[in-house]
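Just the one chain here, laid out as structure tokens, in the form predicted on its own.
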Amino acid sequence: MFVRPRLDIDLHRILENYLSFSKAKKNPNTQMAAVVKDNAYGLGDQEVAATLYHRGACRVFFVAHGFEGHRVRAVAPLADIYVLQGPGEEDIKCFAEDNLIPVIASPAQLAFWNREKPNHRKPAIQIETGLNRLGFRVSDIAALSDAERNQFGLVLSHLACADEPNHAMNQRQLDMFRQLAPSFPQAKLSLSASDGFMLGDDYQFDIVRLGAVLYGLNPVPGFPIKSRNVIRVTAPVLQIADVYPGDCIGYGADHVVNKSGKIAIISIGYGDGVFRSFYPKGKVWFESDRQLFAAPMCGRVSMDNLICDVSQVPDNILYHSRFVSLINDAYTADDFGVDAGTIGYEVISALGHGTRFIRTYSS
């Protein structure tokens, strides 16, 4: 009898994804960085960073906050670690102790960094090219002195629509990046994350920030290189029950049974990161001898459980299955995201932060 869900993370596949995209770069001088923010999308920043650093020779990492950089520094002693949200008072010690590189996104952050000066690393600067999120605007850049412009070691921006290769915004942002980047003559350049890399050579520059593709996501369907799934999410079958016409299932009595059948109650819910929007399109999978049998959701996702219709699952499999899978090689986080009305990024992050999973790593 098992009652807790499992999250199995394949570090070797994360390494394979990193290496396969690294081999695809056209410019041998382009560095492939690993984005391990948000605890490596919830999958374990130290485990992922250590694998890529020691086995993949990755020497550039991006995190969101200084304390995340502190964790990565422990396993990547000689890497360049960039902090995307920049420096703040709460984490400024991390920049000093762990030799972190801030990404400066506003004149106020630049003033704070120059006042504190916790280390002698050249900071990076983020420039706004069309996403209208963090970054120096054109007027901010124009107001910088030559000395201020020369203090930066990296210029980066972020694409808004790179997952849509034909979107006009991609070329617009590329043109603006090329227009603004020469304002920082001593800096390397980074425009693209995973999906931007797939737009072609023009978008790759000096550093590419690989994130989604490391973790088994494929933001641009049809790209010649496919990221391999890196996680397996399974949950115990707690109970199988008969249902009859007119029976209501789950909170709100949303699901009404129209013919006799069977349901299974599964030990996983929104407390583990399964979105309530996974109902009604979602499904779980019973497996036997590499065969998959879908069991569609019936009834709302609750905090600890979800309920699925198992009427079409063969009895010899149904009654011998201790676990079902929610994410597997055939039904990935991207697929889960489609059925939940979101994207694979959010799926991995939500599940990865579930504290009740029994977590295992394979390498």
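The model shown is predicted, which means the values in this text are computed figures rather than measured ones. Residue positions are given as counts along the sequence shown, with the first one as 1.
Another form, the form predicted together with a further copy of the same chain, is not on view; read the next lines as being about it.
- With the partner omitted from this view, the residue of 50, 64, 338, 317 that lies near a further copy of the same chain in the predicted complex is 64 [heavy atom within 4.5 Å].
- Contact with a further copy of the same chain in the predicted complex, defined as a heavy atom within 4.5 Å, holds for exactly one of 46, 311, 31, 305, namely 305.
- Taking non-hydrogen atoms only, residue 109 approaches a further copy of the same chain to within 4.5 angstroms in the predicted complex.
- Proximity of residue 183 to a further copy of the same chain in the predicted complex falls outside the 4.5 Å heavy atom cutoff.
- In the predicted complex, a further copy of the same chain sits within 4.5 Å of a heavy atom of residue 2.
- Proximity of residue 73 to a further copy of the same chain in the predicted complex: non-hydrogen atoms within 4.5 Å are absent; the residue sits far from the partner.
- Using a 4.5 angstroms heavy atom cutoff to a further copy of the same chain in the predicted complex, all of 250, 275 and 355 count as contacting.
- Across the options 175 to 183, 281 to 289, 155 to 163, 196 to 204, residues that bring heavy atoms within 4.5 Å of a further copy of the same chain in the predicted complex belong to 155 to 163.
- Residues of 192 to 220 include none with a non-hydrogen atom no more than 4.5 angstroms from a further copy of the same chain in the predicted complex.
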